[in-house]
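Encoded as structure tokens, the following chain is the form predicted alone, with no partner shown.
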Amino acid sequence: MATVSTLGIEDLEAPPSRKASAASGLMAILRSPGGLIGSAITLGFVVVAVFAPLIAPYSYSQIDLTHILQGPSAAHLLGTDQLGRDLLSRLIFGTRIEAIVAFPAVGAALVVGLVLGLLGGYVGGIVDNVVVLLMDSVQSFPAVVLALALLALVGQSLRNLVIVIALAFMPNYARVSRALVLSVKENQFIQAERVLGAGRLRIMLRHLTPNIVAPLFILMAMDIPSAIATEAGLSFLGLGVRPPAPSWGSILADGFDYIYQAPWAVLFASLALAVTTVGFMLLGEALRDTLDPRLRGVAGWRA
């Protein structure tokens, strides 16, 4: 009896804490080359956006007509634009503009899409039909075309830009959430909760949401560079943030007018967009490999 009791106690293992799980997940991301590079680029993007006034050597709106269209030099590391403004400072402050637009827009798209997906997938019936019809209607328009039409109706402002991009990206989250809910709600622990008398709201918030959010965060990491590119495209067309706010798209638009005289603006703004996109995509792939158990073997084989 003593032996059985001892074996039973030794075999019991405490479940890993949330901190330990988070730490192991972070280490798994950093162990892969793509995850390490993506994390470094993403962290650098956030740091530059937060501390832009401290990092930028000049004000983004400081005009110096004696040094217009100047090439890279010791005084202006990336050169100047057609008004003599420092390109490095404008790109640094442009990072803050991109973060202010992309993060709230994708976050709002995730929250609204999650709510709609939960309602449509779990409640079903006419609610599900309305959600699917709404998503089909929004997704029938390309994101940029939809943003152009809505901005023409509601007016050009930073708040409206965030709302329009969030609306354009929201159907993806609603569809993924709905598909995941339809799969998870058939599990036995959900049926047990129903038998015990749990209401729909409790089941959706306490049991369905924690089991479907991981793929949504992966999708969010993938969509942030798309939101940045969408904002840059709208600013390039003159429908983004208002001048003199330095969006990467407006820097590109100004640079194209003088591309043969001074290609620096187009070159460095395009490079900033490309590096940011690659960083977030690598981080999203690393998150997918870490959070999706079906891909852990593939990730290990790649390593």
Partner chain sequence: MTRYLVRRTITAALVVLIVMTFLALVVHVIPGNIVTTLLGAHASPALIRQANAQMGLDHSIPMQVVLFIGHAFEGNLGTDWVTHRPVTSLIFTALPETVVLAFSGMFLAVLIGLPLGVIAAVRPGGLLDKTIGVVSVSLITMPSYVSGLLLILIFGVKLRLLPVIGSGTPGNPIDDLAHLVLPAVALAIAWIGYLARLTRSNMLEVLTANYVRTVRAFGVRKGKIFYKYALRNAAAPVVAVLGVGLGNLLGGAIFIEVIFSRPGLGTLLYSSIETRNYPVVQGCVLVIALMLICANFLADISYRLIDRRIQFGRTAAAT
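If you're wondering where the values come from, they're calculated on a predicted model, not measured in any experiment. Positions refer to the first chain, counted from 1.
One more form of this protein exists, namely the form predicted in complex with its partner chain; it is left out here, but the text below deals with it.
- Note on the partner interface in the model of the complex: the residue among 205, 75, 123, 133 having a heavy atom within 4.5 angstroms of its partner chain is 133.
- Checked against its partner chain in the model of the complex, the candidates 270, 62, 32, 70 yield a single residue with a heavy atom inside 4.5 Å, and that residue is 270.
- Here the marked residues 42, 157 and 241 all miss its partner chain in the model of the complex; none has a heavy atom within 4.5 angstroms.
- In the model of the complex, none of the heavy atoms of residue 49 sits within 4.5 Å of a heavy atom of its partner chain.
- Using a 4.5 Å cutoff between non-hydrogen atoms, residue 142 counts as a contact of its partner chain in the model of the complex.
- A residue is said to contact a partner when one of its heavy atoms sits within 4.5 Å of a partner heavy atom; residue 165 fails this definition for its partner chain in the model of the complex, lying far away.
- Residue 233 belongs to the set of residues with a heavy atom inside 4.5 Å of its partner chain in the model of the complex.
- Shown alone, this chain has one stretch from 75-83, 177-185, 102-110, 89-97 that lies within 4.5 Å of its partner chain in the model of the complex by heavy atoms: 177-185.
- In the model of the complex, 252, 256, 259, 260, 263, 266, 267, 270, 273, 274, 277, 278, 281, 282, 285 are the residues of 252-289 with at least one heavy atom within 4.5 Å of its partner chain, listed from first to last.
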